[in-house]
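To begin, one chain is listed below as structure tokens, in the form predicted on its own.
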Amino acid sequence: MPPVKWLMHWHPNPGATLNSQILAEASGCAESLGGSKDGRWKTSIIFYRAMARDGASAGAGGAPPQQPPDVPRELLGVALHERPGLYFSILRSHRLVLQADAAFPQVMEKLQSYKARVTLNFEGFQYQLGDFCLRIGKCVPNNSETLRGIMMEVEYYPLSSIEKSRAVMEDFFDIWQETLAKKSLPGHFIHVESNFSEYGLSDHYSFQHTAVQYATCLQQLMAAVTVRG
């Protein structure tokens, strides 16, 4: 059973823009707290959109064929860095998170029911800090260096219960915010809690919890981009 993990994303101040300096300062904070760099990490999210079935009739006025109403229009595919042999699919409209093996994207391509539209990579360095593991990274589109967001993972190794770990995670987050505040950066990290019960997930942390957190984090990052735009 994996340890409890929180995902946080960078929320810029009004009018502020993202830049690599913020990422560098956040990494510096991890080291100033005593964290030791322990390699790189990368998690990927793929947006899939439903494809119209062959033979579907065009709508009125020659509109493109539509999917049946019971077919979700989109799904998210999540490839987690800590489980390279697994792949997680999230149907947000149905509040479902499914686990499959790493060949799932190839199966989707052959079935031609959903088409991959956008791939976003979350990548950076990880740091060991006592009972904690910090991963700080950027969000960029595949084959691009355009910065779409900055985020971090915090794992607490001793516990896998979300409720039992809440106090220690909140304490760590407070310390982290105080340390980062000394840098006077134009923004701060935010932790938005995912509603795990909506997806039928229990208090005992699992990789499905992480996949759902990435979906929540992604929504927040995209909302921040929209506001800035």
Partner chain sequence: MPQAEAHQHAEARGDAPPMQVDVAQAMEWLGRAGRLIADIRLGADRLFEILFVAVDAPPHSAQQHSEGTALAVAQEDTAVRRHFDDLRALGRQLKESGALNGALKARGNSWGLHMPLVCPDGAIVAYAWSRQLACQAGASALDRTRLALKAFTDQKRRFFPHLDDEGLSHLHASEPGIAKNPRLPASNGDIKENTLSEIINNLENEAPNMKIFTYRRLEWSKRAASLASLMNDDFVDPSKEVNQQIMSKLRSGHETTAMDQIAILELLVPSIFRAIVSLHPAGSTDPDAVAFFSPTEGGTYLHTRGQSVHHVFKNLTVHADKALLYFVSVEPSKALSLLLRWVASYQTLFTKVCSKCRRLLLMDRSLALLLPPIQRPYHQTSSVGSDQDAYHIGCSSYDA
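Bear in mind the structure is a predicted one, so any value in this text is a computation, not a measurement. Positions refer to the first chain, counted from 1.
Here the subject shifts to the form predicted together with the partner chain, a form of this protein not shown in this document.
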Is it the case that residue 86, even though its partner is missing from this view, gets within 4.5 Å of the partner chain in the predicted complex, heavy atoms only? yes
**Message:** residue 123 versus the partner chain, in the predicted complex: is there a non-hydrogen atom within 4.5 Å?
**Reply:** no
- Task: Please check if residue 140 has a heavy atom lying within 4.5 Å of any heavy atom of the partner chain in the predicted complex.
- Result: no
Under a 4.5 Å heavy atom criterion, is residue 33 part of the interface with the partner chain in the predicted complex? yes
Near the partner chain in the predicted complex, with a heavy atom at 4.5 Å or closer, the residues from 136 to 156 are 156
